[in-house]
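One chain comes next, on its own, written out as structure tokens in the form predicted alone.
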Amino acid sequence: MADEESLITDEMRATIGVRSEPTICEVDKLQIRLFARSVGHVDPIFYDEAEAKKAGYRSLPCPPGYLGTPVYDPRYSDPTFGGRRGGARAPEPRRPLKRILNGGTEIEYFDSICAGDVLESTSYVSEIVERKGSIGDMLITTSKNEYKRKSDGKVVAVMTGTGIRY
């Protein structure tokens, strides 16, 4: 695409690395059990605290893929996703391509996350690239959500998501 005008605007470039306002996520036993059950986990560590402690956890551990539930406060929260209304993320810049495809999600864990933890999540766009594929022009946006445990400030997980516009 070197000879053509770039699909990536200056407005889009300006969003790279800009962190959102934090979203607070609580991790509780009920939600751990519900999530584990909904995805088919049968290991007793997700349901029985004695089994979890016997396995070396502080309490019920989060099943893979569950990173707490955003705290909803109707005074400030977005009614759909629970994050801060109007402040959790800056408005997205317009993108020239309309169709969207989920390019995948990966979660890297750095410590166990257990019932009773409160996590603070911030997100940011880490990369925007353009490619020409068999379906035409594509914009590939990589976003990261960083989860810190509030009690000690330790980063416990980073979720990387890829979005493809074409």
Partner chain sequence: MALKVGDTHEAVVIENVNRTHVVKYAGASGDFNPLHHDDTVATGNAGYPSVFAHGMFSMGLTARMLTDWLGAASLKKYGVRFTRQVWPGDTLTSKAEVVSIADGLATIRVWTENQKGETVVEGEAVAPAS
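If you superpose the two forms and keep the largest set of C-alpha atoms that fall within 1.5 Å, you have the rigid core. Note that the coordinates shown come from a computational prediction; the quantities given were computed from them, not determined experimentally. Positions refer to the first chain, counted from 1.
In what follows, reference is made to the form predicted in complex with its partner chain, a form of this protein that is not presented.
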Taking any heavy atom pair closer than or equal to 4.5 Å as contact, tell me whether R131 reaches its partner chain in the model of the complex. no
Partner proximity in the model of the complex: D28 to its partner chain, non-hydrogen atom cutoff 4.5 Å: no
Is K54 close to its partner chain in the model of the complex, meaning a heavy atom pair under 4.5 Å apart or at it? no
Does I45 reach its partner chain in the model of the complex if we count a contact as any heavy atom within 4.5 Å? yes
If we test each of L101, I140, V118, L97 for a heavy atom within 4.5 Å of its partner chain in the model of the complex, the one that passes is L101
Counting heavy atoms only and using a 4.5 Å cut-off, do L34, G65 and E108 all touch its partner chain in the model of the complex? yes
For the stretch 130-154, which residues lie within 4.5 Å of its partner chain in the model of the complex by non-hydrogen atom distance? none
Note yes or no: does the Cα of L101 move by 2 Å or more between the shown form and the other one after the core is superposed? yes
